[in-house]
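One chain comes next, on its own, written out as structure tokens in the form predicted on its own.
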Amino acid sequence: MKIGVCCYPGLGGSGILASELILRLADQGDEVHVLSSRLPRRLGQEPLGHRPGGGSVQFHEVASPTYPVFEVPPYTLALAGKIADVADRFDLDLVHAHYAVPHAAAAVIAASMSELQRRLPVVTTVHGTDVNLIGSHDAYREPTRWALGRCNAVTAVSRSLAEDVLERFGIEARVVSNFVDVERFKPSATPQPPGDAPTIVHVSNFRPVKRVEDVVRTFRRIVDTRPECRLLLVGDGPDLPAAQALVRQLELDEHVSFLGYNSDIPAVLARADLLLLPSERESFGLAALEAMSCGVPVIGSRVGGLPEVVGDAGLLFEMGDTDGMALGALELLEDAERYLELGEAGVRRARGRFHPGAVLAAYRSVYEHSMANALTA
């Protein structure tokens, strides 16, 4: 199969899932063409070209020309043109757009432009804020509805998000979960309860919906009881300065480390004791799944798709309940039996419901159904 994939290049959930999917498709023999403004970060860690399974990955940079008349370069049109060009040159079987804005619109436009003698199927996976925030904005709502309505298939990473797509746009989306690389994200050794200096981790893109300041406030309450604890903040984004300022204000400098984006996340999680994820919105919660795969219990908000992911592998509270999250974390740190139960439950869920093999099979089913429908359209 020859597949074009549009995605954002950063370390948000949509870019991570797209990158992992690209590599696994290529390892199963598919020819995958990646279209983005720059090489996605996770793909930059892997050799491209021909893959061991007989497939290949090729990257096509999307450049947006700048002219004095443009206040902002028209990336959507540039992407549409690049998709159409790659589709024609490499005879693509379909295009998979990750994140509705603007990738779904660009892919639909490209499908109309393509000179192929058959209809080019478009599959779009929505990931969360492209539906609940950006796609629901007055300026983008109707274009997003138009684009999704012209896709051959729309998938959502959780039941919660699929319900949002139906409510906001009147479009049914098939649930295809994110997955985790269980060989990269795995417990470092025989499961053990936290040691004398527990390590708590938060991983995100530091956007407002992640409520990173709540991470710091929750940790302050934990340190009041367990002053030996440490907090590792992994990632970067617009709320990083506010988090750094709050760490100084709450006199936590000696307890908190900011690790940035260039961290070996599997290694960080393998030595973590808890993951803290007090998000305002979480359509899936990839960081939670990666922690669970490492045997690390999750403390987070009961929002969106996070309960579907975490299940019995963590403790969830109302959004903003920093006192409850701190108390839950302290209880787990002091109850070795309960702690190990949650850690083992996380590993089981990651290797069962969220195993890559099951998710890839679901995507292949979507691809094949979309291609068959395109032939009869």
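Keep in mind that this is a model prediction, so the values were computed, not measured. Numbering starts at 1 and follows the sequence shown.
Quick note: we don't show the form predicted together with a small molecule, though the next part is all about it.
Q: Can you check whether Thr129 is within 4.5 Å of the small molecule in the predicted bound form, heavy atom basis?
A: So Thr129 counts as contacting the small molecule.
Q: Indicate whether the small molecule has at least one heavy atom within 4.5 Å of a heavy atom of Leu286 in the predicted bound form.
A: Because a heavy atom of Leu286 falls inside 4.5 Å of the small molecule in the predicted bound form, the answer is yes.
Q: Verify the contact flag for Arg281: yes if a non-hydrogen atom of it lies within 4.5 Å of a non-hydrogen atom of the small molecule in the predicted bound form, no if not.
A: Contact with the small molecule, yes.
Q: Quick check on Ser14: any heavy atom within 4.5 Å of the small molecule in the predicted bound form?
A: Taking the distances in the predicted bound form, the answer for Ser14 is yes, it comes within 4.5 Å of the small molecule.
Q: Assess the spot marked by Ala105, Tyr140 and Ala173: is the small molecule within 4.5 Å of a heavy atom from every one of these residues in the predicted bound form?
A: No, the whole trio is out of contact, none within 4.5 Å by any heavy atom.
Q: Which among 201-209, 268-276, 252-260, 237-245 is in contact with the small molecule in the predicted bound form, heavy atoms within 4.5 angstroms?
A: Partner-contacting stretch among the options: 201-209.
Q: Between the options Asn152, Thr155, Ser301, Asn178, which residue brings a heavy atom to within 4.5 Å of the small molecule in the predicted bound form?
A: The option sitting close enough to the partner is Asn178.
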